[in-house]
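Single chain ahead, by itself, as structure tokens, in the form predicted on its own.
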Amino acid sequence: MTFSDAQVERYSRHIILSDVGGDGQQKLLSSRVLIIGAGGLGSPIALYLAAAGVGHLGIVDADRVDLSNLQRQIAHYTADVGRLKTESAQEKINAMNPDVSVTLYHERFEAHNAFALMQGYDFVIDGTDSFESKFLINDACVMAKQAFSHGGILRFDGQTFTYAPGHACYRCIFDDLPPKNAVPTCSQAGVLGSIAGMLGTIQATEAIKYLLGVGTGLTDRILSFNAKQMQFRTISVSRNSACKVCSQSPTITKLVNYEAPVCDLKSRGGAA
């Protein structure tokens, strides 16, 4: 692949970066990332991956833009209220970088379509707001041997880790969904809007590192932060030999949809 003059200028800061270079930028341009959720996390994730020149983005979201989203979901503007989030996000991506192609999936990520949605992508990013979606994404990625980034936000806090085959998965750490109402939702407890940007850019960085094969990813480690105190910590985790989905003898062998509290005022299974 030969860069155009415009691409050399656009990606110049990557091309002169020793761990990326021209070959790395070409690798990004030929990569495919699936973003599940076009909300608080999905917005900065999509915009930074587009800016980096990740050549193809898939966006999964069934919701429309609501006025309450705009405090944190930076891919959507006031004029977008009522529009499909997928279409609103695509418009911003295309305006930022015409090199990036986008496939829209105006549907929820569920047991019946999970494998089909993930097919052909190099990396998956969880930008959802519900435990039901997070456990389903984990189970689907483990079964499909698909690397993905988990992320979650609430109040002033953010948490993320990266799964790759052979490493600890979400169920190794959390095992199962919490009881209903055991954990407050964002609509109950609130969330600082900029927290979504902080965590989303970390998830985008993890995706770029994975695609390039550089650095050390957040596999077998949870990165958490509290922005109120501006404290970050990394916790080492281990693969659970008795994990229900990634062990040698899994008890979960097919995908199912779960019921759990969600972080949304009006709908279920949306984006953070």
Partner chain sequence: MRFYDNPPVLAEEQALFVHDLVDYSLGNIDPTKFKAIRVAHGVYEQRQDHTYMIRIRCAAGGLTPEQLRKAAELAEAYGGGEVHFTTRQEIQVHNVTIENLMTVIEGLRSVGLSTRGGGGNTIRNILTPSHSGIRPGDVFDVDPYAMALTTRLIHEPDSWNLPRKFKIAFSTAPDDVSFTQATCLGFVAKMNGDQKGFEVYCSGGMGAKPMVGHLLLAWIPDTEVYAVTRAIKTMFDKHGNRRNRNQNRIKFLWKKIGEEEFKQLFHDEYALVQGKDPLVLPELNNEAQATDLPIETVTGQDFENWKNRYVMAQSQPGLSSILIPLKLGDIYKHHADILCDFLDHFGPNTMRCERAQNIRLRNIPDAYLGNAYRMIQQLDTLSEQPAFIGRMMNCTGAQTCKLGICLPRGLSKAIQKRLIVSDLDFDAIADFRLNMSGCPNTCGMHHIAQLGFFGKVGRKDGDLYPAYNVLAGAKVAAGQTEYAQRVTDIAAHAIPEFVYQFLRDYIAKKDQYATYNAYLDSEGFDLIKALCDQYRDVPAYADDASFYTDFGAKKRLSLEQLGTAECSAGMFDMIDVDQKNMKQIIKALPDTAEPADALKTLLFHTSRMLLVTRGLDPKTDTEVFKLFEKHFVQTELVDKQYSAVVLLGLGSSDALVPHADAVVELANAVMALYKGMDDSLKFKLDDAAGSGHTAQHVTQDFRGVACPMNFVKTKLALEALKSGDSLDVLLDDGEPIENVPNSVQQEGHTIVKKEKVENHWQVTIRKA
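Every value quoted in this text rests on a predicted model; they were computed, and no experiment measured them. Residue numbers count along the first chain shown, from 1.
Keep in mind that the form predicted together with its partner chain is missing from the display, and what follows is about it.
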### its partner chain contact at I16 in the predicted complex, heavy atom, 4.5 Å
yes
#### Entry: Partner proximity in the predicted complex: S241 to its partner chain, non-hydrogen atom cutoff 4.5 Å
no
### Message
Can you work out whether S236 and its partner chain are in contact in the predicted complex, taking contact to mean some heavy atom pair no more than 4.5 Å apart?
### Response
yes
### Message
Quick check on H112: any heavy atom within 4.5 Å of its partner chain in the predicted complex?
### Response
no
### Task
Counting only non-hydrogen atoms, choose the one of 89-97, 157-165, 70-78, 190-198 that falls within 4.5 Å of its partner chain in the predicted complex.
157-165
#### Entry: Contact test, all of R32, G82 and K85, partner its partner chain in the predicted complex, heavy atom 4.5 Å
no
### Task
Would you mind checking 27-46 for residues with a heavy atom within 4.5 Å of its partner chain in the predicted complex?
K27
